[in-house]
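Just the one chain here, laid out as structure tokens, in the form predicted on its own.
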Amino acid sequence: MLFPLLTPSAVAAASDVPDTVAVDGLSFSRADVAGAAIAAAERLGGVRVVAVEATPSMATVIAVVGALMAGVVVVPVPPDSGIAERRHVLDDSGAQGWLGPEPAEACGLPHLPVRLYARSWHSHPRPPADHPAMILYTSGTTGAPKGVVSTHGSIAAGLDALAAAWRWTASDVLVHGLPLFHVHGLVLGVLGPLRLGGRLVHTGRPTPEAYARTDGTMYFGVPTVWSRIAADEDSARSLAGARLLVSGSAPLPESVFRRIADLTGHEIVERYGSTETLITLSARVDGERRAGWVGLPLDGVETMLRPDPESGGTGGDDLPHDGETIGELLVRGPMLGVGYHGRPEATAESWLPGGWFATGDAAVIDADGMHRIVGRLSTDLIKTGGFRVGAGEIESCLLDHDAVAEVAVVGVPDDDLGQRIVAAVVTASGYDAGDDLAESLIGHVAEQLSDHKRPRVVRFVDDLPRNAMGKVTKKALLDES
């Protein structure tokens, strides 16, 4: 069952906590959430798939919970999505209308607002574990976004596995300001505390100041958030009383990991997952937290490394776990989604026999089972001069240089080397881009890593191209090279 604490018979136990969910300036008890969600569910008769304009608001929370309770598939839509992307998501998912916040562009579908202060306590049959719960769309870094179908059972399994790894309980107060249209902000950041019984405080925006003034036990952030907090000493120190600081959605620079540890006394918990798999790897609350590594498999999760499929790798291959050998990461576990909506061919390419999912990420595993993500096979595994090099390792090294604010590394075709390593660098304030700095950065990598991992070219840019999720679009960098 997805929300055991949101049944009418159980809400009384939490009804004396007025701010169980605080978002968008509103604070609702668990009873408030349950009553409003059930009222919203009752208005969805005959609807199978519903879109939600996923603004950071109480209306979004009520819409998502209400639809899930009614067994209606939820399609969260980024509120800043463009018309073409929005039409693609709505058409591809088969959404029959909007529930919750008024959409910026309805694209011809009816809109059903939620009534925040309506309450109902009628019971609804609980959807079975294999019933589709959400269609979450990928970032679209390699083409049109694909809709990933997650079930009630997969979401529940994923949250319970994280609860075990992080000792996440009803006593926790989760604080974050992440968007509510992806795994991190919505599934973990909203459904997590609702399922596990703790409180949620959504800060609207994930700013250092907002986090500092909110008293929580757990804080969620992406690397950009933690980088900004690391640069704000007073805000960072205010988080010292927390129990757990968690980072995900992209690699965390080792310099930020160390700076946060110095200021707060906390080593950030890094974890790994995707829209297709939810979270499968994480550092444990009572285990090792190693900068740049995303931890161990969660309960029920298995992993495997296979050679690059271009080299003939299959689902049955398993490369050495020596902390050095790079392969494609395969995962399997109960939190995996069941496929791409309406795309059997794409599903068959990624969901392999035996329950394995081919992540498309290059990784290494050490003898203790710790995992490090090197990058995407398609753009981050660079084959240069006979060596296989991970772009992520070079990026982390460059980010440790004071002159580098942001960086993205790609492999550009080269007649001699196969691919030459090119670094696109946004300089930090006070540093002048030029040949001297470029040579300094190249030398820094050669000294800290290996000579063959040094960039052959450093290209200075004003900013890095990013998609709506804030992830760097390396294809755009390759097109510009």
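This one's a predicted model, so the numbers in the text were calculated from it and none came from an experiment. Think of the rigid core as the biggest set of C-alphas that the two forms share within 1.5 Å after superposition. Residue numbers run from 1 along the displayed sequence.
Keep in mind that the form predicted together with a small molecule is missing from the display, and what follows is about it.
A heavy atom within 4.5 Å of the small molecule in the model of the complex is found for exactly one of G327, G100, P76, G273: G273. Note on contacts: among A250, A291, L112, A403, the single residue with a heavy atom within 4.5 Å of the small molecule in the model of the complex is A250.
In the model of the complex, the small molecule stays beyond 4.5 Å of every heavy atom belonging to Q96. In the model of the complex, at least one heavy atom of T138 sits within 4.5 Å of a heavy atom of the small molecule. The shortest heavy atom separation between D361 and the small molecule in the model of the complex is within 4.5 Å. Though the partner is left out of this view, H131 does not reach within 4.5 Å of the small molecule in the model of the complex, counting heavy atoms only.
None of 346-354, 380-388, 193-201, 87-95 except one has non-hydrogen atoms within 4.5 angstroms of the small molecule in the model of the complex; the exception is 380-388. Once both forms are overlaid on the rigid core, the distance between the two CA positions of G385 between the shown form and the other one is 2 angstroms or more. Taking the rigid core as fixed, one finds a CA shift for Q419 of 2 Å or more between the shown form and the other one. The pair P223 and K383 is tighter in the model of the complex: their Cα-Cα distance falls by no less than 3 Å compared with this form.
Compared with the form shown here, the C-alpha atoms of H452 and W293 sit at least 3 Å farther apart in the model of the complex.
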